[in-house]
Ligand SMILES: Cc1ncc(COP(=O)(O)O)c(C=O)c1O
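Form predicted alone, single chain, as C-alpha cells, below.
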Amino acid sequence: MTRNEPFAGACLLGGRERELLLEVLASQSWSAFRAGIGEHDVRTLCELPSAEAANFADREAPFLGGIFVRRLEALFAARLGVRYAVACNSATSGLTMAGGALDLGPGDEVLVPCMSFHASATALVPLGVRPVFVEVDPGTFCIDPIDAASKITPRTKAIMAVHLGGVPADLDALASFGLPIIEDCAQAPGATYRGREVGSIANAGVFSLTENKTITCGEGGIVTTNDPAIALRARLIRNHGEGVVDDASLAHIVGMNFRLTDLQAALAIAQFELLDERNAARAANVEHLRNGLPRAFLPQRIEADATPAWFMLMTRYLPSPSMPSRDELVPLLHAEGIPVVGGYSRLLHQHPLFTRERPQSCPRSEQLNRELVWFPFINAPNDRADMDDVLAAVEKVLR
C-alpha cells in the first residue's frame, strides 16, 4: 500500500473560531431571530443593505437575525461587491430562497445542468418548478450554453449555473439568453469570472457552508444579490415572512425557518477570514497533481479570464487499451490508500424523482460521467507531500 494514513478532512480550525464562539456564548443570545418586525416597515427593514443591517444594535431588528449573522452577511457582501447577503441554514435552503425570490412557481421551468449535486434541482421542487436538464460542457463540466439554448421554451423562467468543482460556468453565454440566472456557488467561494467573484454576477448567488466546503460552520448557506426585491423576498422566505406581511404583492410568499444561528455564524466568520489562504493551498495542490498526473487524466478546462477556487480536482480518465478502465482504476487506488471518486452514482435527470413524469436524456454527459475520476483531498493541511503519495499510487497502478 502506498499510503497508510488518511488524508485530512476539510473541517479544521485555523483562526478565531474559539474566540468568536466564546463571545457568542457569553452574549446569551445564540439566535436572536424573531418572526415579527415590531415597529419596523417590512419593506424598509428587508431592503436594508447588509452593511447597514450589520450596524444595527443587537436585538434592534431581530427579524434580520443576530449580530454575528449580520456581520457574516456584511463580510460576504463586501467581498463580492454586492449590496446584500442573506445567511441561511444550508445552501439547499438558499437555492429554494433564491428561486422563491425570483417568483418561480408551479408550471415554470428552470434549466439545470444534469451534472451536479442533487440539491441544484431538488431545491426548486417545493416551489412547483420543473427542472429541465441540460448537457454539460465536456471540458468545463459546467452547463453547456448550446444545449441550454436548444431547451428554452415559453415556460423557461430561469437558469441554474453551477460552478462545478469550483470552476466558473460560462456566464456571458448564459446571460445572452435574457433569463434570470441563479449561480450555484456552493463549491466555488472566491472563484472569479471576468474579474468579478462568482455570486456577484447574476441575479442571485448561493454559497455553501457545510462541513466539507472551504468555509464551513457545519451547516449553512449564503444568498447574495444586488437586487433589493430579491433580498426582500429571500429574507421573508428565510424567517416565516408571511406572518409579517400586509402587502398583497408579498402575501403569497410562504416563509420557512431557514435561519442561521449566531453560533454557526461566528464559526463561519473565522473561516471566512482564511478563505484566500485556503484557496491558495488548494490551488497549489491541484497544480502539483495536474503537473504530475499522466496524460490519460484530463482536468477541467477553465473559461478564458476565469480563476477557479478548487473544491476538488475533477478529471476525465481516458486510458489506452493497455491501461485499467475507470471502474478498475478506482478500487486499485483505494487499495493504495488513495480515496478517489469515480464520478456521480447517477446524474440528476436519472433521479427517480424526475424520471416518473417525463424521462429526460443527456447521453453526452452520461458518457462523460463514466470517465470521471475526482481527487477530493486537495484541502489544507494536505500538502505537496500528500499529493506525491497520490502521484506515486497512480504511477504504481498504471505501471
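What you are looking at is a predicted structure, and each value in this text was computed from that prediction instead of being measured. When you see a residue number, it is the position in the sequence shown, counting from 1.
The same protein also has a form predicted in complex with this ligand, omitted here; what follows describes it.
A.B. asks: Flag this candidate site as yes only if Ala91, Ser116 and Asp184 all have a heavy atom within 4.5 Å of this ligand in the predicted bound form; otherwise mark no.
C.D. replies: Yes: Ala91, Ser116 and Asp184 each sit within 4.5 Å of this ligand in the predicted bound form.
A.B. asks: Could you tell me which one of Arg326, His240, Arg71, Lys213 places a heavy atom within 4.5 Å of this ligand in the predicted bound form?
C.D. replies: Only one option qualifies, and that one is Lys213.
A.B. asks: Please tell me which of Gly220, Pro168, Gly199, Gly99 lies within 4.5 Å of this ligand in the predicted bound form, judged by heavy atoms.
C.D. replies: The residue in contact is Gly220.
A.B. asks: Can any non-hydrogen atom of Cys142 be found within 4.5 angstroms of this ligand in the predicted bound form?
C.D. replies: Taking the distances in the predicted bound form, the answer for Cys142 is no, it never comes within 4.5 Å of this ligand.
A.B. asks: With a 4.5 Å heavy atom cut-off, would you call Ser208 a contact of this ligand in the predicted bound form?
C.D. replies: It does: once this ligand is placed as it appears in the predicted bound form, Ser208 has a heavy atom within 4.5 Å of it.
A.B. asks: Is Gln271 part of the interface with this ligand in the predicted bound form - any heavy atom within 4.5 Å?
C.D. replies: Answer no; every heavy atom of Gln271 is more than 4.5 Å from this ligand in the predicted bound form.
A.B. asks: Residue-level contact is defined here as any heavy atom of the residue lying within 4.5 Å of this ligand in the predicted bound form; does Ser120 satisfy this criterion?
C.D. replies: Contact with this ligand, yes.
A.B. asks: If contact means a heavy atom within 4.5 Å, which one of 230-238, 186-194, 79-87, 99-107 is the stretch that engages this ligand in the predicted bound form?
C.D. replies: The contacting stretch is 186-194.
A.B. asks: Go through 156-172 residue by residue and record those having a heavy atom within 4.5 Å of this ligand in the predicted bound form; state none if no residue qualifies.
C.D. replies: The one in contact is Val162.
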